[in-house]
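Single chain ahead, by itself, as structure tokens, in the form predicted on its own.
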């Protein structure tokens, strides 16, 4: 137990938490935007995989990590647009369409990688590029805080800046107002001449771009190559983080950090020779436990609200 506390209290562990939370946070913010529009983007996992592969391929071809990032975002938005088309235009069930995208991405990314390079499962022959890390001049010299907050990949900083940007988008812009209105009462929005389908299309595309950031980080920030199913359920964990966070940007960030904590802990515990199977299941067990607690608390709150409403009716 003392060894575990030594790991957790080390500044390098806190650095690792921020690092592994980055893709989850990007995807959770994407899930938040689509959820506010009344659409569940369950294809986040597949979008992240496709974007991760796109980032590797195009950064290797162009020699530019930023061009690889741009193409990762483009494909993230494109796949989300496809999800919107089949669900909003063709009236396919969005959950089934999202599951189909996840399945296609799982096998399709490996197939495309093999066609382009001959590699099977890992992009060992592609000289992909990494996005830069940033050392914050004054902060890096401060004890404890410096090792925790300085030296991260540029996308890690942007992920936490995006929390504010998403909040500003949803609560301080006309587009954000439309997105929230469509999610809360689509008939009222439609009655004043605002296109519900168009607004949900926009929300899904933004959601896909955010997931694209997460996928790009996986191959150009977290590591420098693509491997089969490397997202390892982070898209689904992001959905749980968004739900546990109460569908708010700040709550989604805190939930993402919580899941990042357990993910980083599972990586660190491998040094203690704890069975690999036990260590690997920690992030997913934390996800299930967190959702159970969240659902239980939400049910209790709804029950109390019903009791209050019934008591008011009796008084009246």
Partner chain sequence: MTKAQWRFEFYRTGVVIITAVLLSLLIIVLVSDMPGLAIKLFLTGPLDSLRHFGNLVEMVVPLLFTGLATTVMFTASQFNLGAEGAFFFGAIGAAFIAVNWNLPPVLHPAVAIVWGGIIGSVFCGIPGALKVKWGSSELVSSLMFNYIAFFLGLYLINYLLRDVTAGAMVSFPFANSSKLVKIIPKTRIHTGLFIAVFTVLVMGVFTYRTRWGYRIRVLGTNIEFARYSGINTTWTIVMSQVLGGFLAGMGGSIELLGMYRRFEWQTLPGYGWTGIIVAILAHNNPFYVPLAALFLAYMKIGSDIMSRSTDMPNEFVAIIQGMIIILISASSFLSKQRHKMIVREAIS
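Positions refer to the first chain, counted from 1. Note that the coordinates shown come from a computational prediction; the quantities given were computed from them, not determined experimentally.
The protein also exists as the form predicted together with the partner chain; that form is not presented, and the subsequent description refers to it.
Heavy atoms of residue 114 reach within 4.5 Å of the partner chain in the predicted complex, making it an interface residue.
Looking at residue 64, you'd find every heavy atom of it more than 4.5 angstroms from the partner chain in the predicted complex.
The shortest heavy atom separation between residue 107 and the partner chain in the predicted complex is within 4.5 Å. Residue 140 falls outside the set of residues with a heavy atom inside 4.5 Å of the partner chain in the predicted complex. Just one of 202, 155, 149, 239 comes within 4.5 Å of the partner chain in the predicted complex, counting any heavy atom, and that one is 239. Checking 100, 127, 134, 130 for any heavy atom within 4.5 Å of the partner chain in the predicted complex turns up a single hit: 100.
Of the candidate stretches 115-123, 205-213, 69-77, 219-227, only 115-123 has residues with heavy atoms within 4.5 Å of the partner chain in the predicted complex. Using a 4.5 Å cut-off on any heavy atom, the residues of 283-297 that reach the partner chain in the predicted complex are, in sequence order, 284, 285, 287, 288, 291, 292, 295, 296.
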